[in-house]
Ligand code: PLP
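First, one chain by itself: the form predicted alone, in structure tokens.
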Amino acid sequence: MSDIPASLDGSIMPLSEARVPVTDRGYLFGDGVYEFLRVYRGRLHLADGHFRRLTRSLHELGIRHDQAATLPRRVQELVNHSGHLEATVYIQVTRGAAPRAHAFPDHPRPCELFYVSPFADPYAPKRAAGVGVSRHPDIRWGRCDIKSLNLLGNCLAVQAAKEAGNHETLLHKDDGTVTECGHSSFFAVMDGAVITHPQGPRILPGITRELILELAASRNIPVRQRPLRVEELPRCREMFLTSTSAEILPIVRVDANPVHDGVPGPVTRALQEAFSAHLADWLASDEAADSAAI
């Protein structure tokens, strides 16, 4: 990690040298929020959405971070400093260090960390062939719409999927409602439409998910935001997941059962093509803006 540049409370250092107090509430209680961004050709992708969500998460937890408004500029500066054209950025803000007590400290000083890691895109072959997922009870806390550090439920579910030889986990509530994946948004295709759980406390408002909904509309692909039930899964013709790093991954197997014919379907492929076109247009527009500024 020595070559990964990090910023801790405004000081630039190698990530391996970053240190926080053991009384930080992020360590003691998971009292903090995070974001994860993808860098293409040195540029932060969907940055407005990610920083908007970070601001909302901070607000929902009552964490006042006076430097939040300057984060987009400072993160981009660290990306430039890193020299990595293809990378990921992890951002974390906790309530800060304080004597251990459940109630919030009176005058907390938030702890801010972000760092830039090179990214070699291990998902390319999986985007082509598809992945398997394992069903798992959704035991997460009740405010999944906040991108908080409370991820133990996610970790347990993803570990179970890994031990079963699958890429991801498909979470479902006790009432049979399918929510999302362990670290991805979930979509299914049934009766000619894309189906995804509506936004609310049960799911994270994924930034890539938001883009996929826009791309589906641009391609005249019907979308129904409604809860999908476990018993409906065998009727789905296609499934896919989306995330910042993986983009769009076809799901071709749930547990030991193939999704339809066990290969990525045409709607998933159409949305992958739309995503690639979006990236090409976005990168071309930024390059044109740079040329005009010279």
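Keep in mind that this is a model prediction, so the values were computed, not measured. Each residue number is its position in the shown sequence, starting from 1.
Just so you know, the form predicted together with the ligand exists too; it's not on screen, but the next bit is about it.
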Query raised in the report: Which among 107-115, 91-99, 124-132, 205-213 is in contact with the ligand in the predicted complex, heavy atoms within 4.5 angstroms?
Result: 205-213
Report task. Classify K162 as contacting or not contacting the ligand in the predicted complex by the rule of any non-hydrogen atom within 4.5 angstroms, answering yes or no. Result -> no
Report task. Answer yes if any heavy atom of N166 is within 4.5 Å of a heavy atom of the ligand in the predicted complex; otherwise answer no. Result -> no
Query raised in the report: Is S185 close enough to touch the ligand in the predicted complex, meaning at least one heavy atom pair within 4.5 Å?
Result: yes
Query raised in the report: Might N154 be said to contact the ligand in the predicted complex, defining contact as any heavy atom within 4.5 Å?
Result: yes
Query raised in the report: With the ligand left out of view, which of H136, K147, H197, H84 would have a heavy atom within 4.5 Å of it in the predicted complex?
Result: K147
Report task. Could you tell me if all three of H50, R140 and E180 have a heavy atom no more than 4.5 Å from the ligand in the predicted complex? Result -> yes
Query raised in the report: Which residues in 3-35 have a heavy atom within 4.5 Å of the ligand in the predicted complex?
Result: Y34
